[in-house]
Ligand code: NZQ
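One chain comes next, on its own, written out as structure tokens in the form predicted on its own.
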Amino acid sequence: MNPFELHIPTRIFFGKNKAEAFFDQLSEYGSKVLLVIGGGSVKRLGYLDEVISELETREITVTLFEGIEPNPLAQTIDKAAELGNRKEVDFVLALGGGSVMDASKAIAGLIHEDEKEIWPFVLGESRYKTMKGALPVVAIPTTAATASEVTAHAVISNKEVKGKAPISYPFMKPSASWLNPAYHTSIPLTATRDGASDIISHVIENYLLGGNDSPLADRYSEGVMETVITTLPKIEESPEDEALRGRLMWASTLALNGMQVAGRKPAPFTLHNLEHALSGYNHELAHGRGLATLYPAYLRWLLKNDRVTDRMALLGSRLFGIEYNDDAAGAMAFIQAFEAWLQENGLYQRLSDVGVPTEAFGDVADYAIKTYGGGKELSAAGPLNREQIIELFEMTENQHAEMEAAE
């Protein structure tokens, strides 16, 4: 195993009966909170009233900010931070999905730093990695996808530059998170599928690119992926089943808490980098949907270039019981089995189907290289340059044409 450092400071409260313990904990962070929500579903479903009641019972003064978008915009984050500053809040509570949690981390950082704009602090911009701290953040996730309830990361979009980039600091990890499966039973099927795609992405990238040095991390990651692969179809049949929702939510948290990479060699988040460039171009593209669109082409591109072939073959045997004598054959069988799962669960489409036309591929590749490749190239067990990125994007179109012809 390779050396590693791991710090998971988030106090996790799992289960709907943990409400009292969670809200009692919040008094440690202050008496004035900025409560951040998205487009209003938590209000419509009654979750917001429940949360506000719990806070007010503990004499915590609530300032509400609503309107965080999917793929949260820098300009909206700036407005929320201005409100929090004006109200002199002590901490920030995120009630929503990954976008709300990401935005809340950025808001907490801006308030702490007494700054007005978040975009200069993201990757690729002039003040990246210069923040010194953030207000405490606590989270109540209402989707299973990003694991933002335990991570140091926040991904921010900017329509003005058609960009999407992260900020990441250890002090942005939530201090406490309440994982309540009852708040997940009304998640629409499309969002549930997109979230499942995102969960898998958090473990599959390092599994493939991180080498063979940590068999325990392999088994851990396989367990997360197997849970998602088997649980999603069951949720589609029984969307209000709290046990199934809790299973998927816990898989989401475990997929990006640091354990999944412990002992492996560092590996880039290449698939994420490419998708961030895509949903930076098309702000309406859900992150998980963009990842799902790229999976088949990305995996086939890796196999075509004889990269991590053995790792794909291993994963196929572990997840789908594929027997093989040759790594290349095993890898292809894995890709085909995974593609079949994507198709069966409504997660198989072209880039042109999700609002990224072929004529934009060059611009998207340029943004990915500029922001995530230091202006040179990305890495996927070897170089991934502009022409190769465009080739990979084009494969999402060609694959479908070949499949339709076969049908």
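Since the model is a prediction, treat every value here as computed from it, not as a measurement. In this text, residue numbers run from 1 along the sequence as written.
Missing here is the form predicted together with the named molecule; even so, the following discussion is about that form.
Visitor: Please tell me whether the candidate spot formed by Gly290, Arg300 and Pro357 is one where all three residues come within 4.5 Å of the named molecule in the predicted bound form (heavy atoms).
Guide: No, the candidate spot makes no contact with the named molecule.
Visitor: Only one of these stretches, 119 to 127, 231 to 239, 78 to 86, 136 to 144, has heavy atoms within 4.5 Å of the named molecule in the predicted bound form; which one is it?
Guide: Result for this chain: 136 to 144.
Visitor: My question is simply whether Ser41 lines the interface with the named molecule in the predicted bound form - judged by any non-hydrogen atom within 4.5 Å.
Guide: Flag for Ser41 set to yes.
Visitor: Determine whether any heavy atom of Tyr348 comes within 4.5 Å of a heavy atom of the named molecule in the predicted bound form, and answer yes or no.
Guide: Heavy-atom contact with the named molecule at 4.5 Å: absent for Tyr348.
Visitor: Determine whether any heavy atom of Tyr47 comes within 4.5 Å of a heavy atom of the named molecule in the predicted bound form, and answer yes or no.
Guide: Tyr47 belongs to the contact set for the named molecule.
Visitor: Indicate whether Tyr183 is a 4.5 Å heavy atom neighbour of the named molecule in the predicted bound form.
Guide: Looking in the predicted bound form, residue contacts with the named molecule include Tyr183, since a heavy atom lies within 4.5 Å.
Visitor: Quick one: from His153, Arg264, His112, Arg311, grab the residue that has a heavy atom within 4.5 Å of the named molecule in the predicted bound form.
Guide: Comparing distances to the named molecule in the predicted bound form, the residue within 4.5 Å is His153.
Visitor: Could you work out which of Met332, Leu244, Ala74, Leu256 is the residue within 4.5 angstroms of the named molecule in the predicted bound form, going by heavy atoms?
Guide: Among Met332, Leu244, Ala74, Leu256, a heavy atom within 4.5 Å of the named molecule in the predicted bound form occurs only for Leu256.
Visitor: Within 205 to 243, which residues come within 4.5 Å of the named molecule in the predicted bound form, counting heavy atoms only?
Guide: Going through 205 to 243 in order - heavy atoms within 4.5 Å of the named molecule in the predicted bound form - there are no hits.
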